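Just one chain follows, in the form predicted on its own, and it is written as structure tokens.
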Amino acid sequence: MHAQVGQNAAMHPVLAIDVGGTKYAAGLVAPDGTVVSSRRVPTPQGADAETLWLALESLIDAVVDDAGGSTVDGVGVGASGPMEWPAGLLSPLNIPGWRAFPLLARIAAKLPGVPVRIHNDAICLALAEHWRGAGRGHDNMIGMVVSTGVGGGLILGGRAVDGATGNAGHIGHIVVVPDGQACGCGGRGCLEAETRGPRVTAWAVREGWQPPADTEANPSARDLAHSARAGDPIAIGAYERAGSLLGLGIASAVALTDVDLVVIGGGLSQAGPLLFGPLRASYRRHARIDFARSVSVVPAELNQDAGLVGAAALVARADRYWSRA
């Protein structure tokens, strides 16, 4: 292993790692937030804890070798939750082979002498968009992921807010449908339970939507968006419902936090106006208090690099985005 300790903060790249249920990504991110190089590999499916770790370790080795032994200032990691934070014990809902897996400790042992920092992947998206994306210039914002799950992070006064357990800004568990769909958290009717991609497509199927023949067994939100753009009324209705519920949840979150911007990324957000049209209309209906009326709700800008940029921010911009010693 060729990683070395950087002598001056934010003078060298950060090794950034993004751990998700379908893919691992790793790369070097420059002090200004530019992704210098990166690699991605599929997350092993149905694998045990050590197989999952060995796949990630191989990816880390490949990225470090690509860099030719470059000095790094530290390692930032964004990962699916839940996790014990900041200890970095992972139990991701979408990676069942890891339960209380000591990811931070494993990486720290592999790359000794540099700081290793880990946070929820949705929070990393918020950091990335605030630092380098749609949130630049805004001191108070919510960053959201609407994909296979719904999560978020909170920036107030230009700094990340962690909360007692690192989950501040987790907008996915605002209840928007009392006694609605069961949620992975144990509750019912959470924003995540009602608007995450698989639930939106499942709702459409129950209402009679016919997915494309080659995707019938496992249709995606992308397939649903394609049908909606072609004029399918059920597919359009599915996005109208999801957008309306998102607008309701966001209005509640804005009333609590007094932010002036909400940035939304993730797979479902790629539907563009299909989602953002009804979302913004719903937000206007529900955000009636004066200070909430002028808030902008916009798509994320960074797309696939957001996870790496946000993970790097934990190290490169620790003054704003990392509160723990």
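What you see is a predicted model; the values in this text were computed from it and never measured. Residue numbers run from 1 along the displayed sequence.
This protein has a second form, the form predicted together with a further copy of the same chain, left out of what is shown; the following refers to that one.
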property: Proximity to a further copy of the same chain in the predicted bound form, single hit among Ala202, Ala255, Ala100, Ala182 (heavy atom within 4.5 Å); result: Ala255
property: Option touching a further copy of the same chain, based on a heavy atom within 4.5 Å in the predicted bound form, out of Ala47, Val36, Leu54, Ile289; result: Ile289
property: Complete contact of Thr43, Ala62 and Val64 with a further copy of the same chain in the predicted bound form (any heavy atom, 4.5 Å); result: no
property: 4.5 angstroms heavy atom contact with a further copy of the same chain in the predicted bound form for Leu156; result: yes
property: Interface membership of Leu248, a further copy of the same chain in the predicted bound form, 4.5 Å heavy atom rule; result: yes
property: His173 within 4.5 Å of a further copy of the same chain in the predicted bound form, heavy atoms; result: yes
property: Exercise: Pro82 in contact with a further copy of the same chain in the predicted bound form, heavy atom 4.5 Å; result: yes
property: Stretch in contact in the predicted bound form with a further copy of the same chain, which is absent here, among 226-234, 107-115, 128-136, 163-171 (heavy atoms within 4.5 Å); result: 163-171
property: Sequence-ordered residues of 182-205 touching a further copy of the same chain in the predicted bound form, heavy atom within 4.5 Å; result: Cys185, Gly186, Gly187
